[in-house]
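Take a look at this single chain in structure tokens; it is the form predicted alone.
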Amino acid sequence: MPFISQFHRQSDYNYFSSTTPIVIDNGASYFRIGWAGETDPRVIFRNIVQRPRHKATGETVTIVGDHDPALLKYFDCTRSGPRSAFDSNVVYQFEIMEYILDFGFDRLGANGSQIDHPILITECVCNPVQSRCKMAELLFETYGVPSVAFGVDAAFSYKYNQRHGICDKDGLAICPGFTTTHVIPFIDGEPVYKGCCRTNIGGFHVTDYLKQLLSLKYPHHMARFTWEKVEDLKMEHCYIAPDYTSEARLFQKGTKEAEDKTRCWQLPWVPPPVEEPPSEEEIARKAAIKERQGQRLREMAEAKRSSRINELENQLRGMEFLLQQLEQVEEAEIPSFLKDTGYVSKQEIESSLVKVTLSLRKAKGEPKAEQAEVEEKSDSSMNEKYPLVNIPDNMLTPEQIKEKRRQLFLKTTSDGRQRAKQKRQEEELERERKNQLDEEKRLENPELYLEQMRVKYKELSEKVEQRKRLKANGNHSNGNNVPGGVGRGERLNAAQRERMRLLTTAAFDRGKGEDTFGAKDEDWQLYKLMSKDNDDDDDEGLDEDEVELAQISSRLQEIDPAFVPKLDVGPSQPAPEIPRFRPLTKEDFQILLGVERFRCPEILFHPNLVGIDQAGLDEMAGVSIRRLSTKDQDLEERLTSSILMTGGSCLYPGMSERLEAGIRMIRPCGSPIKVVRALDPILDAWRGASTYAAALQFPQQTFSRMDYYEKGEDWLRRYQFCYTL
């Protein structure tokens, strides 16, 4: 089960006398503090510190231990991650350690900065003197504690289990911790530090390895794999395989036993809502609403059309009345008469009259034949608009000749527009006729029509692709209908080859060794020849086959829902596959833990799986025994017959069996081997220290503040802690 923190502030601090020691288990993973003589620590929290900034005020706050994820939304944690005071299992960041001790003493109930109780604090095996001195300085100078004692956490756990008959006074303590693993031999109840062995592998590496494997396996759910969640998955599902190779082969074959050992973690998932088909009443209701909306739009369009017709009729009557008045006005008085009307001449009024008539006929929906008659009238009016075009130049004055040229230009432009408009109308009529015939042909036999269109599309697409391949090969094929095997000259067209020839001639045939190009005027004609026919085949527009292919493709998309047009890819590139999307299901939000369950904790026995070239747990036991100065066979048998596992990383199922089998492989045949697990691998270190600190002889093992001021930090080099009282 995952470890549970408890950091509620205690209220009975003042009830304890100043002679009652405070016991601290300063582990790399968790910090435990309590009173000597009690069975459980009062305060437990993670040994980390985080200093984020408040998003609103910008103030930096200090968060020690576990945190509530719901509260972190008010802080900016992007620039401040969790920090530990440990490097491996040695304290080296004493600024962070001070935050942790402040929080621990405060949760224990201390009111001021002065702690008037003796302190028993744990440390790692063979802790560097520099780290021990800094810790003593922090406790004496900052908190003013009266005395301090330092002890090894694994030794306290071994002594605690020895009192309960779990292990003997001679034996081995194997402690796989958070960042390191230690093996300590015990002789007559005291640790022998010369025979200790250490490996830089622990529970931190197992969790990190599991997090990496799950992130690689499920990259879309990486945000779900937080450190706390992966830690819970590790403690709940991981186990030690009796034989790693056989277990991995079992999962590789995918047998029924492997499926039974696979665990599933279901992520939150909400199924998409299923849309039920609408009922007949709903369909009828929507149809009625749509009909009412359409009727309203038709009425609005009819009202707008009537208003437009009335407006055009009023304009038409006004222009006709103005023309009738102009007939009664003399020619010389026409400009003064039209001065207030906005028109310049009678021709402009007639042209506007024709345009209004066309707009009126179009608004009324009259057929195009009647519009053609109006256009003929407009042509006659155009002839009246350009009266000087048909008059010879010898009959005109110079000013009239200039005006004639201007009218001729305007008339030519107008005629060109009329011809282009007429051509577009003819093309549109021809297109409508073809579409009508094509639709009639499709309605006669839809299946046959669709098959013919597909065959025609296939033939045209192959023809266009063949032309592109020939263009890439310079109109040469290598027999496989693919480009290749041709030179630069074969890839050039005729115009490009001619330019190359001209350049070669200019470079080698001119001057006979002397550069005289440009001395003659005909030399510069070379640039005109080179710029001639400068358009490559790549710049040409689409030919008739490609235009027809595009039309057939568009037509097939309209009548065949299953039709997928070919993409315009290169001749040597395969057509990319069209991605197919499917709706997400419940299985897409499931995290399966199969081989990861035993692969991650296997690094405790084979650290080389994560790139650490050190010995595993079973090899460390043999190394520790060989480091002892004595070669007594009986002593070695007593050590192997009492092997105690303690520490958080020994909770995996199958750990004791695997460790016993590994040690048996390196010991002589028939050697007694017994591997046992501590009563509580997590809290036995603190409980052993609590029992030790409650003994009457404990003050003799402490290092007082007076000794610190008199003897200094160097005296800590000779400090020896005796575990047998």
Partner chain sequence: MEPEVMKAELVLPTHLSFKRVQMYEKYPKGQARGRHWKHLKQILQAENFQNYLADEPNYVNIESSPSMHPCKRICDITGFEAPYFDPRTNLRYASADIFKIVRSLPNEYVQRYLALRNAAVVLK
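Positions refer to the first chain, counted from 1. Values in this document were obtained by computation on a predicted structure and should not be read as measured data. For the two forms, the rigid core is made up of the largest set of C-alpha atoms that agree within 1.5 Å on superposition.
Keep in mind that the form predicted together with its partner chain is not shown, yet the notes after this line are about it.
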{"property": "Contacting member of Asn310, Thr262, Ser113, Asn445, with respect to its partner chain in the predicted bound form [4.5 Å, heavy atom]", "result": "Ser113"}
{"property": "The single option of Glu95, Glu327, Glu291, Glu299 touching its partner chain in the predicted bound form, heavy atom within 4.5 Å", "result": "Glu95"}
{"property": "Contact stretch among 268 to 276, 406 to 414, 118 to 126, 231 to 239 - heavy atom within 4.5 Å of its partner chain in the predicted bound form", "result": "118 to 126"}
{"property": "Exercise: Lys402 in contact with its partner chain in the predicted bound form, heavy atom 4.5 Å", "result": "no"}
{"property": "Pro398 within 4.5 Å of its partner chain in the predicted bound form, heavy atoms", "result": "no"}
{"property": "Contact test in the predicted bound form: His54 vs its partner chain, heavy atoms, 4.5 Å", "result": "yes"}
{"property": "Interface membership of Arg627, its partner chain in the predicted bound form, 4.5 Å heavy atom rule", "result": "yes"}
{"property": "Within 4.5 Å of its partner chain in the predicted bound form, all of Ile63, Leu138 and Thr199 (non-hydrogen atom)", "result": "yes"}
{"property": "Heavy atom within 4.5 Å of its partner chain in the predicted bound form - qualifying residues of 233 to 260", "result": "Tyr244, Thr245, Ala248, Arg249, Phe251, Gln252"}
{"property": "Post core alignment: Asp714 C-alpha displaced by 2 Å or more between this form and the one not shown", "result": "yes"}
